[in-house]
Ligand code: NAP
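Presented as structure tokens, the chain that follows is alone, the form predicted on its own.
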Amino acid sequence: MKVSVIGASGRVGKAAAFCLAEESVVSDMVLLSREKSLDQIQGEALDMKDALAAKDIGVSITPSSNFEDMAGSKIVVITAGVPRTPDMTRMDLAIPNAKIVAQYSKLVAKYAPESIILVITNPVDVMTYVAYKASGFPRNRVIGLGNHLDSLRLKNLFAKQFNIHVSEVHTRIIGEHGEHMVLLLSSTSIGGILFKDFSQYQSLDVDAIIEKVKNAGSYVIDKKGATEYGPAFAVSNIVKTILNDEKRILTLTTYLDGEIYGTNDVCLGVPVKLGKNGVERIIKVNMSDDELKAFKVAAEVVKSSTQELMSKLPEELIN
């Protein structure tokens, strides 16, 4: 299977590429960047191959600034964009990153028309909408990282809180990957038992937990300059699920057309069944009244931001 990573010279891009190269299901990896970063990704490719040799992995890695080289890719991962600083909101990145994502999405449509686009660039919900419109792909083949990483971070928090193995925690965050994320506490379970049946449920500070998840990325950026390993392994989860046709349910950004309580014409993080064709089914989940209210707020905020952004982009980029 062939996978291409656009923006492979960035910290998330190169970390994601290395994680993917370790997956036995990926046989051919293309690292794409602008011409000025070509030397860097050539070095990254050599460094990766040295590391992979230690694990007896023989994946082909091609560094390139020629976007024709993505031809034949099953998945194209878009990580390119303006890097976020601790004082920036995700929406501060919207206009410059939208132009980048739109341009690359058009190149994907030209050179890898049968591929699935996976958007990592922030603000990811809005950028997924941009990629969907710019590429002209069917919506099942344009997805965003969405709340998958948020949900993994939440699993870690609950595992620590309960002093239990992280695999025993089943929980999700949906909505916006950002300020208006929604914790589905009503369906969270620990070891197969609904969380609300635990004695700790009444004393849980849900608002504090949500704030920790919201600020997790900013905290890492403040400490080390960028998030790398978390997004990289989350990307690897998604790509492996698609290439192996695993039919897993992951919380990703996808275009909604009324499937979730009538929400339409917006890209949001929701549970989806993921397989070789991308999004095979959007899963409608039961929510508490508070969760549903928060989800509708997230939908309104992201839709408004998306419409405002789209009105500011040159028409040739999105049509």
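Heads up: residue numbers just count along the shown sequence, starting at 1. Everything quoted here is computed from the prediction, not taken from an experiment.
A second form of this protein, the form predicted together with the named molecule, is not displayed here; the remarks below concern that form.
Three-residue candidate spot R172, T251 and T306; no residue lies within 4.5 angstroms of the named molecule in the predicted complex by any non-hydrogen atom. Site annotation in the predicted complex: the residue of M88, V206, L194, A226 reaching within 4.5 Å of the named molecule with a heavy atom is A226.
For the chain shown alone, R34 is a contact residue for the named molecule in the predicted complex, at least one non-hydrogen atom being within 4.5 angstroms. Put simply, A299 is far from the named molecule in the predicted complex: not one heavy atom of it is within 4.5 Å. The closest non-hydrogen atom of A21 lies beyond 4.5 Å of the named molecule in the predicted complex.
Among residues of the shown chain, I100 is one whose heavy atoms approach the named molecule to within 4.5 Å in the predicted complex.
From the list 8-16, 291-299, 306-314, 21-29, the contact stretch for the named molecule in the predicted complex under a 4.5 Å heavy atom rule is 8-16. Residues Y104, I120, T121, N122, V124 of 102-128 are found to place at least one heavy atom within 4.5 Å of the named molecule in the predicted complex.
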